[in-house]
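One chain is shown next in structure tokens, namely the form predicted alone.
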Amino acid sequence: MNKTYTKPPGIEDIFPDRITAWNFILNTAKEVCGIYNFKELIIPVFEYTDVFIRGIGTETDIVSKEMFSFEDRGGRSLTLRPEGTAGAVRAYVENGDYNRLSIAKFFYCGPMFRAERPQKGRLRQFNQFGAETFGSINPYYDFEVISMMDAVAKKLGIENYDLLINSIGCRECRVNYINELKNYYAGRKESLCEDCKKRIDRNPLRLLDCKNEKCLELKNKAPVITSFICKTCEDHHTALKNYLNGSNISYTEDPLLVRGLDYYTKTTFEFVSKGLGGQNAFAAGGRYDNLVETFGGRPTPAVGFAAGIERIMLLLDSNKIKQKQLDAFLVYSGEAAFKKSMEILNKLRSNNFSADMDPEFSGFKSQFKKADRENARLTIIIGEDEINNNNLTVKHMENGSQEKVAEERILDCLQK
């Protein structure tokens, strides 16, 4: 007996019943990105491992525990991309034609890979679309990427979501805050999870991003950064809020929102929904003004976000998504009708109408069942009468009505 093969855990097959929703999300995202004048960028699925270590940070869960890394034939370490920003920054720095532009705006989409424990809304291979703006410190661009994601959510029909925003300051004004965090957690170290016990000294901000229940309880009483950010960062955050208020984009300030990546400065934000359970963010991002320089580029402020396609699919009302219909399914009886059906089928397809038929010479009942399964808009019936009179019988599947159509008018009929 042949072995039955299964996919690895945390990986999904996307079959046609979900593709309509999938394409609806991607096409909507691309449409909105185009409206905001973002150009599409295709980045590699894998990079040298150091790209992600340098970009994301050695003390993040992604780098320390979740990357799929392997050696190539030359002994060089490669990693399947766990997120898109590091690769986008590497591409921006490496391709000088783009980093000479005053402002460069890109969007991308595709699979990401993380060795996480699979659960609802969290997969090992998952898909994202994202956007990055390079070249300006102006808080308008923070607003623009938030506004763009908000527009995508609204066009998709996502309801009851919240936008959380925060400023985590710059490198200079975070120093005192990090010391305060260390002092707060040092006296509560025994109540922390094992990972967070290590984070106190290595990367205290990550303490605020832990999802462990005990750590969440301590987080709620932790000091907030609001009292520590400098005047420049405070003005930046105020300007962002003014832009959001002026565009009627509602938001909630969350002074403990830090995100799980090391490269963020100033603005951080998340789009969250209770419909997703514990993993409640379906899009998130922020500003990263030092990352381009880290990759060897000239100092270049930047801001961006990424959104999870699988998580967004969980929030969509499938009943409101118009399923793709087959324009016509051809039903026939007899050899002559089969030949005529082939002729009509080729004519329809040549004129960009989607059409199909069953070549097995099965009965009318079986063919009509298949037309229904294929979600056909029309069924074109060809039998002896139709052959003799040079016409076709067209059945409208939605209401069951039928009409006779001259063969030469079938394209007009489908067009209507």
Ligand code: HAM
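Keep in mind the model is a prediction, meaning the values are calculated, not measured. Heads up: residue numbers just count along the shown sequence, starting at 1.
Quick note: we don't show the form predicted in complex with ligand HAM, though the next part is all about it.
Colleague: What stretch, of 249-257, 263-271, 177-185, 229-237, brings heavy atoms to within 4.5 Å of ligand HAM in the predicted complex?
Modeller: Heavy atoms within 4.5 Å of ligand HAM in the predicted complex occur in 263-271.
Colleague: With ligand HAM left out of view, choose which of Leu244, Cys109, Ala281, Leu80 has a non-hydrogen atom within 4.5 angstroms of it in the predicted complex.
Modeller: It is Ala281 that has a heavy atom within 4.5 Å of the partner.
Colleague: Pick from Val292, Ile225, Ala307, Ile146: which residue has any heavy atom within 4.5 angstroms of ligand HAM in the predicted complex?
Modeller: It is Ala307.
Colleague: Against ligand HAM in the predicted complex, would Tyr288 count as a contact residue? Criterion: heavy atoms within 4.5 Å.
Modeller: Close contact exists here: in the predicted complex, Tyr288 approaches ligand HAM to within 4.5 Å, heavy atoms only.
Colleague: Applying a 4.5 Å heavy atom distance criterion, does Thr85 contact ligand HAM in the predicted complex?
Modeller: Answer yes; at least one heavy atom of Thr85 falls within 4.5 Å of ligand HAM in the predicted complex.
Colleague: Quick one: does Gly121 come within 4.5 Å of ligand HAM in the predicted complex, counting heavy atoms only?
Modeller: Gly121: yes, in contact with ligand HAM in the predicted complex.
Colleague: Decide whether Arg311 counts as a contact residue for ligand HAM in the predicted complex under a heavy atom distance cut-off of 4.5 Å.
Modeller: Arg311: yes, in contact with ligand HAM in the predicted complex.
Colleague: At 4.5 Å, heavy atom to heavy atom, what parts of 114-128 sit next to ligand HAM in the predicted complex? List them in sequence order, or say none.
Modeller: In sequence order, Arg114, Glu116, Gly121, Arg122, Leu123, Phe126, Gln128 come within 4.5 Å of the partner.
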